[in-house]
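Only one chain is included here, represented as structure tokens and corresponding to the form predicted alone.
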């Protein structure tokens, strides 16, 4: 028996203002307890897809299901966002408190934990990510890699069931990138990851989809790769025939 999907997107269509053609067209996707990579050209609608999944954007057509329940209202999506964590492309869009501990404790506080419980959850999460001792650091003075890990901590402190990670390796140095891979591989949560980093997706996901011309296409994970040569497919995902 197949596991119940955490999130289902059913016949989702969406177009940007002042454009006639949809960026997403009758798109369907199910995410269960798994790790999925999502690749596609810039402007293909990958980030838009994430925003629809958590209710930050509403589709023109179609609907989002969470645990089999149709998300009909902002109240429904608020409940969804308690269990689905979205990591933005830019950590600066996610961090707004003066100190690291305040940022990481903000989510648990909004979930109804007491200040003491929220601090304990925040401190524990930072320790799990190898960030013990960062509690009183000034957030805006952190390096780019440190900000990315703290932004991830703000999500994980809420103990979500599903992680939506939007280009998590952007602007990371090799050491921090490898550290992030180790962290993600050690997490129990289901994950849906947008990335242009082929090797990163090969190491962190078990399924790959491309998003192009408004549709998702399943890829053969074993044959998606990164290399440099003259190729009619350019930098798009492709497979070689045997």
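Positions refer to the first chain, counted from 1. Computed from a prediction, not measured in an experiment: that's the story for all the values here.
Omitted here: the form predicted in complex with a small molecule. The next part is about that form.
Stretch-level contact check against the small molecule in the predicted complex with heavy atoms at 4.5 Å: of 182-190, 47-55, 64-72, 198-206, the positive one is 47-55. The closest non-hydrogen atom of residue 94 lies beyond 4.5 Å of the small molecule in the predicted complex.
Taking the partner from elsewhere, residue 23 is found to have a heavy atom lying within 4.5 Å of the small molecule in the predicted complex.
Residue contact with the small molecule in the predicted complex: residue 89 places a heavy atom within 4.5 Å of it. Residue contact check for residue 167: one or more of its heavy atoms lie within 4.5 Å of the small molecule in the predicted complex.
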